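Just one chain is shown here, as structure tokens, and it is the form predicted alone.
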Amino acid sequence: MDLSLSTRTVGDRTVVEVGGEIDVYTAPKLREQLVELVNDGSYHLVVDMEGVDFLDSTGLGVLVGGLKRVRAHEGSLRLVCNQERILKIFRITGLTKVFPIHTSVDEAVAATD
């Protein structure tokens, strides 16, 4: 499966909609998108993972890297996910303590940093 990416602006947040699989083959595409957004001055990101079917350690690394990039600019990176199989990965790795995870884009956009 491939990876689909699209972005839109909601208020002062940039929402990145991700679909498909985030793995060793597709993660570089997501990394490039996050780097480009930060380089363009978007420091408050919401990554909508509702369409993600699979996430491996490479994908987790890309998300952590994106978080470090936005935090270097006093920004934020929030995740949207309510799929149990994906949430389980974040719980097992302890990343639920690192990433704010929301059940909807609206909730993530409304959250204060």
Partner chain sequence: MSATGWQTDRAKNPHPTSLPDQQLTAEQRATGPSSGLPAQPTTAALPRQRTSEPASVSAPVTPAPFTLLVIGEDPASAFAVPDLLDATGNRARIRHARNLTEARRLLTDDVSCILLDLELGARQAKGLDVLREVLRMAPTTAVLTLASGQTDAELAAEAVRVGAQDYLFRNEIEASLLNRAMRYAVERKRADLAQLQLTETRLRAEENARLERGLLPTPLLDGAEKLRFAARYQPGRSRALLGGDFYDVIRTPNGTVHAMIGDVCGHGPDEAALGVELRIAWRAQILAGLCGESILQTLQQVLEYERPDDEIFATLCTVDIAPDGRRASVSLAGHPSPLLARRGCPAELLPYEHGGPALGLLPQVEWERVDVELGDAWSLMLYTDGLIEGRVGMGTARLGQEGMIGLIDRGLREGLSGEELLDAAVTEAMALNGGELTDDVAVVLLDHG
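Computed from a predicted model, the values in this text were never measured in an experiment. Numbering follows the first chain given and starts at 1.
The form predicted in complex with the partner chain exists for this protein as well; it is not shown, and the discussion that follows is about that form.
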| query | finding |
| --- | --- |
| Heavy atom of each of E50, V80 and L87 within 4.5 Å of the partner chain in the predicted bound form | no |
| Residue contact check: V62 to the partner chain in the predicted bound form, 4.5 Å heavy atom | yes |
| Touches the partner chain in the predicted bound form: V70 (any heavy atom, 4.5 Å) | no |
| The partner chain contact at T93 in the predicted bound form, heavy atom, 4.5 Å | yes |
| Any non-hydrogen atom of R31 within 4.5 angstroms of the partner chain in the predicted bound form | yes |
| Residues within 4.5 Å of the partner chain in the predicted bound form, restricted to 33-63 and counted by heavy atom | D53, F54, L55, D56, S57, T58, L60, G61, V62 |
